[in-house]
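Following this are structure 1 and structure 2, which are two forms of one protein chain, each written alone as structure tokens.
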Structure 1
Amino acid sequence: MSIARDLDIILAHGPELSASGIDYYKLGLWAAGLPKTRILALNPALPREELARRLRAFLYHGPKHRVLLAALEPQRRALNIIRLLLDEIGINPEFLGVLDLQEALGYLDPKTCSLKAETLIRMAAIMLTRAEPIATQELTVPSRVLVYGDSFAAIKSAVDLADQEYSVLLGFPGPTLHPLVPGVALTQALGEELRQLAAQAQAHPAIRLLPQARILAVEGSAGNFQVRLKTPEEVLEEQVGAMILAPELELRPGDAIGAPASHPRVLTQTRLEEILAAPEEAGDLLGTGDAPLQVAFLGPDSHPLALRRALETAKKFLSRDNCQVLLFIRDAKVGAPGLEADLEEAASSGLIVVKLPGLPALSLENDRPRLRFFDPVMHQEESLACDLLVLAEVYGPGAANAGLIGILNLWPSPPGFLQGDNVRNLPVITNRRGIYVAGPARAAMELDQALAEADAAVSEVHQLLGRGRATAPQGRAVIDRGRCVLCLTCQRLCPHGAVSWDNRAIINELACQGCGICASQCPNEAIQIRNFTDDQVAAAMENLDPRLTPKIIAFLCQNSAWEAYLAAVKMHQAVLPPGFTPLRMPCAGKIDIDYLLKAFTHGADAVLVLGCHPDNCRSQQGNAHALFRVERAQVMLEEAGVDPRRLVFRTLAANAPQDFLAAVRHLADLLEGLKAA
């Protein structure tokens, strides 16, 4: 039986369905004729009280029933009904199916429109009557958080969390807290607010400082991490609910000159700042005042922060008489607030900016560093003796990051930082729930952005841990302990580090993101993702309407393809082949190779698998798993005598309905061609 249980269908009709060529009265009659269903036609424009009255009268079974709401644009037009059902009548969200009939409206022939609307309703009914509620569970979790690093982002995170009644471990590599203000001279005194922030962290009763701490190992997952930390005195075992990582940036020599020449007149930016802060120790390095001084800054072009820092120091020389200051860069990295104006101002007070495709060659002559380069403006070889040559430094990732990536099971990332550059992680998320990254943990950035990220990370922690009472779904991803043979395929494949084991594999539902990658790869079919079960997919595929052709079954990742599909059917003049059947997947990684093969045995003419673009998968590799399975299935299809071109894999983005339509068109054309041949 295709409709497995009792179902209440609400056809939110208004006048619009008839306006688009569907006779809602007939559609209602048809739906009423389905087994085990009851139907209510309801105009969503009625006043709220009236809607509530009619809904209550109709849904006398109470919230246990499954309810399918079919409408045009239901999320906008029938929003009142949805809210009444969820908030006042208390239907479990998993028991409420919301179906947009839009896809049925594009056909010229009203008969096809009706058939299609019926199919959409039937498919939704099949899925929904096999749905199970997902409960929420409240978990007691430690309201203790590990903040690691001594950047201002780390300090701010620690203080904010402590203010919100979390107990905070603040671990950092050095003997004292030593945060950096990026883009500013290391010697510059801190502003009042930052000083206060650092003082608060030192004195807060809810913050335990762990100087010279190193993270040795981390076990467990969100809500329950066991962290082993090494300090000079001891090795600590601590249980924390979550962590925020914000290790400070490190200054490294830039690539300006192969080997830094060791010569008193060749300085790093840092050394120069130290000298300027204590000029009495500088000897005659900074000139005697009357004699002209030639200063060259070499290569602060890795990042706007480097340029900002060089300009700050350059200004000090520009304000002196008799001082010529040059700035050698490949590109002026002015892509930061105020920097273009700063550079212009420096130039107008005498800074000579020399932009070169590569940086000049350095030699030492007569105890002076000498630069040789081809001047693009004068168009000639130049040679320049300097009194001071300042080598730029690069703001790079903390040296300990590389080790942390492995210990924490994080995805590889732009060189040396702790977060992959998948945009779905923005701003502070990692592949592991409960581990957040802020500021310098993810990139070199301005202080204000780093502090904003600390805000965002604290929000995430609070959302997850709720001061010790976390809410997680219950029963969304479940392992059948009777089937599990502890092969730990799931544990290896889970991109979110949510699987652990005792004598069977266990999913931590607070850490699990429901992608289903484990479920489709488990060799014993021991894992089901509730409401994306194998059962539901099979039932849907068994019930394709033979009158609607060509039969194209599409497995759509809900994070990209499903959104693009919804957008596409709303676009002007977009009409899908009548037999197009979309199946929503939690992630392309959930698409089992079985689904692909079964689709053909159930009579599909073609199968379309659509996932996110590489590097854009929320679960990082779901799309790669899908591609791999499609390729395997293609080989098997070919062996079975089915043209493998009938199985198509494409990637697209949520905002690219055109790409969705192009993929469908490609398949439709292919089927035309195959039919003709």
Structure 2
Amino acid sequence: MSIARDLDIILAHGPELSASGIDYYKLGLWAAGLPKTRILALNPALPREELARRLRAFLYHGPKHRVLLAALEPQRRALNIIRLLLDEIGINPEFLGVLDLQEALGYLDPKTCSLKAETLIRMAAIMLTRAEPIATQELTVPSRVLVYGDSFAAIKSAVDLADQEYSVLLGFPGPTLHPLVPGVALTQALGEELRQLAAQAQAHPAIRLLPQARILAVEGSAGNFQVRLKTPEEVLEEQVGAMILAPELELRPGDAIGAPASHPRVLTQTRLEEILAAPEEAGDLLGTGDAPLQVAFLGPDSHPLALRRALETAKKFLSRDNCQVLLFIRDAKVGAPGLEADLEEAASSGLIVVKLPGLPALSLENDRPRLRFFDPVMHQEESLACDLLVLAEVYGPGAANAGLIGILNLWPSPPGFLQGDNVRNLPVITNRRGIYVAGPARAAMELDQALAEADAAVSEVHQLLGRGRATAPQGRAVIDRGRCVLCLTCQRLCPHGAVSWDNRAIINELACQGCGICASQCPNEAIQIRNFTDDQVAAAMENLDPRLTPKIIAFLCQNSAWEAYLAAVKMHQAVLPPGFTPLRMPCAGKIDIDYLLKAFTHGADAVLVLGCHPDNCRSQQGNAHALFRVERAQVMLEEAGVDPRRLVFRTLAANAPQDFLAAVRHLADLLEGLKAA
């Protein structure tokens, strides 16, 4: 099993190859001897017209013929050739393979450099001639979008989508739209721009308001969601192409400190704001005489927005001559624009900031709150009676989030927000294409950031739906319906909600992200991921060069380890073992146990599996699937008498070439130790 189809190889040569120990003439003769191949040695320094003439004379098979360009740093040294092939000659990008020979350089022995270059070309030729171009298709999808939530992010998303000629359903849990401005008092009047935005949402002809709405169920996937919504009047069945989730934050009491359920001198932040907004109540609370008033704010350290809100209220007391204001806090979270300056300004105006490792104990003495705490500065127990105690409130996820997580099969963050802590999804992406989160659905944040995320969510919707005409890959994931027995393993494990079924499994190509988890888990091998097929992997492993040792086969996730590998080979001090063979995977979750075991049967001395760090996998749990299979394969290897240490799993980031080199070096050192033993 070697090169499967006719292939034209272009070897871009220059003095840099010879200086690195590779004789391009001998390399070209070797490549010409490969079956089903032709070779053109071409100096990229030639004038553009001459390059074009030679390429046209050589590539007589036409633009659909497969072409492999091998060069040292091709994106820099052979860029003119690449542009000519794509722009003027019209080679399909899917049929053009670009190979960097950098990995073949740096070995002390020129023979090793040449053998490595030959191996790189052979492997690239094997994979390219088995690759199939992935066509695109245009699908008709609904141009209706469901926006759920009553935050300003939800309102802005709905208005912007309606302005772009989408039909919008704006559902929200309350009887009216009542958005928050995080970090300010609830009683503070909205600015003119925000009032106009809310008025637009209620008056726009393309927006249908659904007050007191609750999402009961969602079926389907990107471009074709069937949503059941319950309102006080009816249960609606709606078809939408995409959803934007932006439920408003909820204000909840902070850490409990034994405060009484109700006491006139112990107030929540919200109740205090209501009192200060009512002149009569404020007068009763503050008094009109010159008697001193001691006010303590307790624990606004859950989020910078909570601290900002407390400072805004504290300033109203600091402006009075008879008030002493204290702020008890564990950790002053000032990571918001201008917040540190606001805290310093308040301190200069008389605010006393008391930083404690824990919250004070609260009791009532003579109908006044008393706080007891250990002062880390004075190193002694302290007691403080105050006239008014203000309990901070926490900005938390909306109450509807818990239900949405289960209904939509989302991967949430631990506090209950609708997007997990995955850097690959920032800012608005979820594990399911077509479902986007913005602003308070994702985290507590400033209003400006929430509105910017609404813009990003609208952009994602437009990119997906295209006002009713969506573009999707065609045939990226292929199901052999003769093999499929409808066990629904693929449907249960797909992290993107892209699998449905009739009498056999069906993959929604608009929702599918090509991770390959379904293919590796299918018990009947009924699913293949185009350009990452079992046939390609097997062909690569069968053609290992026995002269290059130690033979290490590395399965690399294309989202992390593959990028780290490409960066590593460009580092001057990086020299990989001669027998190192990297195989790119769409996700670590695509790696099958059969791949790991067959690698050893084809002569591998060791196998390395590299995936994304936990919580950074684009497919959520692809790295966990890979680790599970590695551990199972290690047990099988041990039972067969193979040292399981020869199979290693590691995680790393795309921008960590040093970690990649360290993992390879560790495995190479282990093989040296096993060989010596």
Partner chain sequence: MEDYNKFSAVILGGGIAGITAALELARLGHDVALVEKTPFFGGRAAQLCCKATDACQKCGACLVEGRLTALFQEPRISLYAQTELLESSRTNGFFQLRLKQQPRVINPERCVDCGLCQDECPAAAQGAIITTGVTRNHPRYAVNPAACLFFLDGSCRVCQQICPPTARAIDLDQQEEIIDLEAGAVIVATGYRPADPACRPHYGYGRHPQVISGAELEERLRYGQGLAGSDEEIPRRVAFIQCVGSRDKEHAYCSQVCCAYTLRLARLLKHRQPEAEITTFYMDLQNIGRDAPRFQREALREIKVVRALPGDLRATADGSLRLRYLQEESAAAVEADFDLVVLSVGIGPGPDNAALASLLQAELTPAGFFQAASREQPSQTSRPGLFLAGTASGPRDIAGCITQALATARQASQYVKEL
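Each form is matched to the other, and the largest set of C-alpha atoms that superpose within 1.5 Å is called the rigid core. By convention here, residues take numbers in order along the sequence of structure 1, the first being 1. Quick caveat, the model's predicted, so the values are computed rather than measured.
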Practice task
Mark the structure, either 1 or 2, that is the form predicted in complex with the partner chain.
Solution key: 1
Problem - Large Cα move at residue 42 between structures 1 and 2, threshold 2 Å, rigid core - result: yes
Practice task
Could you tell me whether the Cα atom of residue 602 shifts by at least 2 Å between structures 1 and 2 after core superposition?
Solution key: no
Practice task
Please check if residue 80 moves between structures 1 and 2, taking a CA shift of 2 Å or more relative to the superposed core as movement.
Solution key: yes
Exercise for the section: Any chance you could measure the C-alpha shift of residue 381 between structures 1 and 2 with the core superposed, in Å? Expected result: 4.4
